[in-house]
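One chain follows as structure tokens, the form predicted alone.
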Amino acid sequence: MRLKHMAIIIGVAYGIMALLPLLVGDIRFLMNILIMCLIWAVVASCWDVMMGFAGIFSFGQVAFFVMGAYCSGILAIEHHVTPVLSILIAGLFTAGMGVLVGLPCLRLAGPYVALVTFGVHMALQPTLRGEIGIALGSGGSVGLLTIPPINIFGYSFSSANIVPTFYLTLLVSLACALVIMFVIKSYWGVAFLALKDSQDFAMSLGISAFKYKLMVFALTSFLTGIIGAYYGHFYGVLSFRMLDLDLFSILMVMMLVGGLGHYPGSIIGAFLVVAGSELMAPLGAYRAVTMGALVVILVLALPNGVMGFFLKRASDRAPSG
């Protein structure tokens, strides 16, 4: 997809989101859903860059999200760092952790990378609730409470001021989406795809697998950590239960619904899945079953996701010759 078309889709998606508070701004429940759509769109997009474009089967994206959230929360609570600064530090911290996780993955491929990164995911939960986590200020089994909201020029962005907070979230999410878009369409993105399609051939052309694989780990971990930290300051509380497999599974569904490797399909997938899941909450215990059935039907009907379907329709309509 061309950069122009990608920018138009992102602009339309976020433009529609920007107008929705005019209709539902006084309904707090719906505003919370919109904010969650914007937050998970970033996480799903970063994961899509890893798996869909770089071909790295990383299962550690939720772990980096939680690392960023806890890092910023601990800095703000224990060390009284202002939220804006703590969010940036959290992003740099998760980028560093991404590089550390990526280093042993350089000599691995496919399912072995998935096992290593999923191992990081599984190890993080007992670490946060254990003695090490308590010593660092994670709150142990209680989690982090009373994380201060983001404060800019004396104005507090929290759930109490839901509409201004929504627009701040929109700006942060849009900024991350644009960064991902330009990276995909830059030389970096070409290198990611080349290494994914044929690593040996790409390396023979002078593309360093070591350099670009670490870059994709660092970039996606940085953005995921930033939005994770933002999440912590928005809700004000954090729990290690965020590392349960429910969130992991839902994020995977977002990518599949949007179309793996068809950015910005992951953004559309996040909007659809989060909104659909929350609006089906009245179904209670049947929500998961209904959601699962709809996903199975959608994947069978649209194997390349919603974005893949639109791209195919566009190519079919394009004049030949």
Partner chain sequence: MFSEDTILLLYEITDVLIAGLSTGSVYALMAVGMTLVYGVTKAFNFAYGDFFNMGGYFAWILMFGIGFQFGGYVTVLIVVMPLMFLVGYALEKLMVAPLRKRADWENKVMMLTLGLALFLTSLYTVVFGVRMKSLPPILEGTLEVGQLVFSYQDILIFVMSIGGIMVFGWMLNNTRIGMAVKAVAQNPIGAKIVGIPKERIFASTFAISTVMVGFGGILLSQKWFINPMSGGTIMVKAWVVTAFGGMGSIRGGLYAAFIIGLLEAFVGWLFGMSYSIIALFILLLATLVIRPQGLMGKGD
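Think of the rigid core as the biggest set of C-alphas that the two forms share within 1.5 Å after superposition. Please read these numbers as outputs of a predicted model, since none were measured by experiment. Numbering follows the first chain given and starts at 1.
Below, we turn to the form predicted in complex with its partner chain, even though it does not appear here.
K.L.:
Which residue among Val81, Leu115, Leu170, Leu88 has a heavy atom within 4.5 angstroms of its partner chain in the model of the complex?
P.N.:
Only one option qualifies, and that one is Leu115.
K.L.:
Exactly one residue in Ile268, Cys37, Met67, Leu256 has a non-hydrogen atom within 4.5 Å of its partner chain in the model of the complex; which is it?
P.N.:
The residue in contact is Leu256.
K.L.:
Report the stretch among 24-32, 38-46, 284-292, 271-279 that approaches its partner chain in the model of the complex to within 4.5 Å, counting heavy atoms only.
P.N.:
After filtering at 4.5 Å, what remains is 284-292.
K.L.:
So in the model of the complex, does Pro303 come within 4.5 Å of its partner chain, heavy atom to heavy atom?
P.N.:
Result yes; Pro303 sits at the interface with its partner chain in the model of the complex.
K.L.:
Give a yes/no on whether Ser208 approaches its partner chain to within 4.5 Å in the model of the complex, heavy atoms considered.
P.N.:
Ser208 lies outside the contact set for its partner chain.
K.L.:
Does the 4.5 Å heavy atom contact test between Gly119 and its partner chain in the model of the complex come out positive?
P.N.:
Answer yes; at least one heavy atom of Gly119 falls within 4.5 Å of its partner chain in the model of the complex.
K.L.:
Looking in the model of the complex, any heavy atom of Phe248 within 4.5 Å of its partner chain?
P.N.:
Close contact exists here: in the model of the complex, Phe248 approaches its partner chain to within 4.5 Å, heavy atoms only.
K.L.:
Candidate spot Pro104, Arg241 and Met252, all three in 4.5 Å heavy atom range of its partner chain in the model of the complex?
P.N.:
Affirmative, all three are within 4.5 Å.
K.L.:
In the model of the complex, which residues of 123-137 put a heavy atom within 4.5 Å of its partner chain?
P.N.:
Result: Ala123, Pro126, Thr127, Glu131, Ile132.
K.L.:
With both forms fitted on the core, give yes or no for whether the Cα of Leu272 moves by 2 angstroms or more between this form and the one not shown.
P.N.:
No, its C-alpha moves less than 2 Å.
K.L.:
Aligned on the rigid core, do the two forms place the Cα of Arg287 2 Å or more apart, comparing between this form and the one not shown?
P.N.:
Yes; that C-alpha moves by at least 2 Å between this form and the one not shown.
K.L.:
Can a Cα shift of no less than 2 Å be assigned to Gly15 between this form and the one not shown, given superposition on the rigid core?
P.N.:
Comparing the forms between this form and the one not shown, which are aligned on their rigid core, Gly15 does not shift its C-alpha by 2 Å or more.
K.L.:
Note whether the distance between the C-alpha atoms of Val24 and Val295 decreases (closer) or increases (farther) in the model of the complex, against the displayed form; the change is 3 Å or more.
P.N.:
More distant in the model of the complex, by 3 Å or more.
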